[in-house]
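Quick heads-up: it's one chain on its own, the form predicted on its own, in structure tokens.
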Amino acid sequence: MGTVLQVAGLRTHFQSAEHRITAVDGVSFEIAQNEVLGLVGESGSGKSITALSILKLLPSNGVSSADVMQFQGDSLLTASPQRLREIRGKEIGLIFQNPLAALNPVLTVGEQLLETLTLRGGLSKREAKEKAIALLDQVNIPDAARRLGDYPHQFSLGMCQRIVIALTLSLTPKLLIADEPTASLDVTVQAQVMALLKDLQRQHQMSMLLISHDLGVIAQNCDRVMVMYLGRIVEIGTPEDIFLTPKHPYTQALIRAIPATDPRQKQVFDALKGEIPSPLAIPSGCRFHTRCPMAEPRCRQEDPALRACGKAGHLAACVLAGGF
């Protein structure tokens, strides 16, 4: 399998009048063709900023750099603004957490689909309408032809997310970045939307970067998983590596926090002490040592890089990783 996206040494910071805040610090990863790579971590760990940095969609006070950032062999670092506009949507699709923020409330769903298909997809109005109906059918919107004339507020939140998926997939991107695509939905709808996304990913042979704080979503839908803490990747592996033999203490803490599926099973939650440190005061040494139950004195000085800790491809950034 070829590599669709390659990122090495990605760093992103935000500049205010008084402070320089580092949100992503030296992140490196690859996504292969047809692979679903999961990115998981607590809120504030830098997951969404990683996605926005790849697409160069940061706010005006955000600056990103990287040693390498290639999409299908082409550098995103040196791409012109025009080339980046072509890539966004058409070659790399993006699905946000809140579907209502991605839909124009004063345009019908049909107008938004047709605009995308004619301006970006190069279809005639007749071809665009036929494809728009087919897309809504594909994402399971009932009576698709009639509902082209409806506005976003006339759909449920779950249906709006399906429409966003249809819009995103209308240009058949090679890579889909899904940033918390089910976070605003109830549990039943979450499962339906994720099943739909996974099915469409297989049909269109897309690669996907799936960002979530929901470990269940990540475990069920990803080929590989990255765990992020305070702007750094602290563990990478298959779902089996991460959920059955986690090596980093932070990953272990996340796994312990997953509620038991059997309500009769007694469960004692071993919550992490403290909160994620402020990016204005990142701890020296290992960034997790202030909350780590296994921290040793050397953890205050040593800043561990990712290292092999088990099966091939299983990496963890912990001085104790080899001994677990």
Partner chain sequence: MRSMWRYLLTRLLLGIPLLIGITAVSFFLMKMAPGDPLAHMMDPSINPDMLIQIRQNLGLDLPWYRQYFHWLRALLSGNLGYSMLTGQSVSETLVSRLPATLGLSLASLLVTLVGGTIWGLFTAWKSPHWIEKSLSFLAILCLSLPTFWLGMVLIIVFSLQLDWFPSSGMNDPLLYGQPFVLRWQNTLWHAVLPVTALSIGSMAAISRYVRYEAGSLFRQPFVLVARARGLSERRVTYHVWRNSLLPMITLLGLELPGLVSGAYLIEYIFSWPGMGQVLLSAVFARDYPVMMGGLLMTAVLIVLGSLLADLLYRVADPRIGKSV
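Numbering follows the first chain given and starts at 1. Nothing here was measured: the structure is a model prediction, and the numbers come from that model.
This next part talks about the form predicted together with its partner chain, which is not shown.
In plain terms, the part of the chain that comes close to its partner chain in the predicted bound form, with a heavy atom within 4.5 Å, is 166-174 out of 236-244, 166-174, 195-203, 222-230.
Using a 4.5 Å cutoff between non-hydrogen atoms, Gly89 counts as a contact of its partner chain in the predicted bound form. Though the partner is left out of this view, Arg120 does reach within 4.5 Å of its partner chain in the predicted bound form, counting heavy atoms only. Using a 4.5 Å cutoff between non-hydrogen atoms, Phe96 counts as a contact of its partner chain in the predicted bound form. When its partner chain is considered in the predicted bound form, Arg83 lies well away from it, no heavy atom lying within 4.5 Å.
Contact with its partner chain in the predicted bound form, defined as a heavy atom within 4.5 Å, holds for exactly one of Ile141, Leu76, Ala128, Leu103, namely Leu103. Checked against its partner chain in the predicted bound form, the residues Ile276, Cys292, Leu52, Met69 give one hit for a heavy atom within 4.5 Å, which is Leu52.
Residues of 106-145 placing a heavy atom within 4.5 Å of its partner chain in the predicted bound form, in sequence order: Val106, Leu107, Glu111, Gln112, Glu115, Thr116, Leu119, Arg120.
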